[in-house]
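The chain that follows stands alone, in the form predicted on its own, written as structure tokens.
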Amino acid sequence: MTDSDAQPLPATAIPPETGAVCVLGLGLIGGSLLRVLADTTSVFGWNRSMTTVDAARADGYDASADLPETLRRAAAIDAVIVFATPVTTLPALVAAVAEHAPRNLLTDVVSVKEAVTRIVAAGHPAARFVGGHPMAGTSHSGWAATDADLFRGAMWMVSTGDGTDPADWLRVAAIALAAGATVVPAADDAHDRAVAAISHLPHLMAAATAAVGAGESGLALRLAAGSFRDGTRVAGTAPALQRAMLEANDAALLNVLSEAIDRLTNIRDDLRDRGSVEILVDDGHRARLAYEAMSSRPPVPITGVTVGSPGWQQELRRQAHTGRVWVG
């Protein structure tokens, strides 16, 4: 559907119910989504590990290890299918969806967007797909780490490309809202650049800090306190999950990594030549204060946009770049 022939859908069109939802992958993010939607939504899930499925069932949730059967069930009730597995596993899942549930609306909770969009387009060219990414998580993984409150108050990016269908976008946004999150509309490439800077680079910096600290001596680790603990928290995430996330966003990550290396190189030279770390410390302090100021205030809602009217995607993106959010 193009902007010219889209039927306007008012912001109030987001229903209190999201419709049925099928979650593929019941780790930290997918499992938490299954938990939080279960009270208000017809939701069921799939995981390849029977151990995980048994654990979810023992907790009272609807889960299966039979992928074709799960997808056929989703097709029969027009459930939104949510990809909640590492990006490296997606090609096989997309192929299964194309075979068993080709008409269903698809979304995801993967931390990169351009790579996922390419995988979906290659494996299921006719797919209805609206990407998503909740900015929530911990360093733990698996069903045991899942938490129905994980998304409460989190920002949830929902892809807003120029060709996005308005009804599909609203339905995916409704899932994020039902999980307790706030929606941030964005283009895939803008999202990937942003998360490279505020999520993926910190993973590499945490790994570097942890490796340097642990390489000193047992004395260093014994003395390690808050700054080491907080600065290395995400390094505790399973390495395979980190690699899948970081390597899938390689182009954007390379750019911000280069900037970080340049800053560190410059401050190393200043420390050697002038005994000063003033520039980087001052820049970082100002940036941290700006983050604290923004995060301490309630987000300002996006206004004046009718989803489905000409140019709605561009206007949502424009307002999101000023820090505004979609609250339904």
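In this text, residue numbers run from 1 along the sequence as written. Model, not experiment: these values are computed from the prediction.
Unshown form predicted together with a further copy of the same chain; subsequent notes refer to it.
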{"item": "Proximity of Thr303 to a further copy of the same chain in the predicted complex, heavy atoms at 4.5 Å", "value": "no"}
{"item": "4.5 Å heavy atom contact, Pro166 to a further copy of the same chain in the predicted complex", "value": "no"}
{"item": "Contact of Arg268 with a further copy of the same chain in the predicted complex (heavy atom, 4.5 Å)", "value": "yes"}
{"item": "Partner contact for Leu253 in the predicted complex: a further copy of the same chain, 4.5 angstroms, heavy atom", "value": "yes"}
{"item": "Segment that reaches a further copy of the same chain in the predicted complex - one of 37-45, 22-30, 281-289, 59-67, heavy atoms within 4.5 Å", "value": "281-289"}
{"item": "Check all three, Leu71, Ala75 and Thr89, heavy atom within 4.5 Å of a further copy of the same chain in the predicted complex", "value": "no"}
{"item": "Partner-contacting position among Ala95, Ala214, Ala121, Ala145 - heavy atom within 4.5 Å of a further copy of the same chain in the predicted complex", "value": "Ala214"}
{"item": "Contact set, 56-89 vs a further copy of the same chain in the predicted complex - heavy atom within 4.5 angstroms", "value": "none"}
